[in-house]
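The chain below stands alone, shown as structure tokens; this is the form predicted on its own.
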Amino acid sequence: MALFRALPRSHDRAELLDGPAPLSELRENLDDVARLNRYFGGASVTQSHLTRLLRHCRSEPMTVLDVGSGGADIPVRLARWARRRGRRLRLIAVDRDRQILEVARRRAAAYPEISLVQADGLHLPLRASGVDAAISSLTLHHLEPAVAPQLLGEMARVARIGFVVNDLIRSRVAYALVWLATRLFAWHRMSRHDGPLSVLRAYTPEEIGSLAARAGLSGIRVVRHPLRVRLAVVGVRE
């Protein structure tokens, strides 16, 4: 059915989050993203796949890198999860934007197990296998095909066990659902502009397979979560 066919990827429109913006606007936008992640299960997609990766991990503490962490809502969620289970978890939240890290610093203030680092996800300042696992949420679609493989390659390089990339599904249904969600549950203009556009900039499973191949990665698994309008790209170190 035409309704479920993938849309052409948008190459010529930029999200407002990728441009300069006042700190107050970034804070409101990232609050919207955290709310939508929580209400519609986007954050739980990352958590469920990550916990499977780490189920046999014997490191103390376990170390997880979040690339393009934004407001750090997912690291905070993971820190709470680890505390409830009595697990020791060290989280490194990386973002290249200094102002976004200021927003993250407020959210993560009560969680000393979360470290905030300003760095580019395409050039991660970590040694090979420097963390147990790497995650990324709603970051891949911000990158054009020429550089997106580098993100996947860097995450695979630094992760000892594997990585999880969580992003949006690109389809007409996903576009309609995200458009509606950002009108009902997101209050800032950036969120209402960027949410539907993010769907148009997302990659299909076939396109992700091509990006992974260009990064020299094999055995990548793409799992669709249609009710949450998300897909997860899971790579496991062989």
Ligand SMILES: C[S@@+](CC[C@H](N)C(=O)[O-])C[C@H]1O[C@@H](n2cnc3c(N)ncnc32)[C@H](O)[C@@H]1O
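This structure is a prediction, so every number in the text was calculated from the model and none was measured. Residue numbers here begin at 1 and follow the sequence given.
The protein also exists as the form predicted together with the named molecule; that form is not presented, and the subsequent description refers to it.
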Quiz item: When the named molecule is placed as it is in the model of the complex, which of 154-162, 80-88, 126-134, 93-101 ends up with heavy atoms within 4.5 Å of it?
Solution: 93-101
Exercise. Answer yes if any heavy atom of D120 is within 4.5 Å of a heavy atom of the named molecule in the model of the complex; otherwise answer no.
Key: yes
Quiz item: Though only this chain appears here, would P196 touch the named molecule in the model of the complex if you measure heavy atom gaps against 4.5 Å?
Solution: no
Quiz item: Is L138 one of the residues lying within 4.5 Å of the named molecule in the model of the complex, judged by heavy atom distances?
Solution: yes
Self-check item: 4.5 angstroms heavy atom contact with the named molecule in the model of the complex for I74
Solution: yes
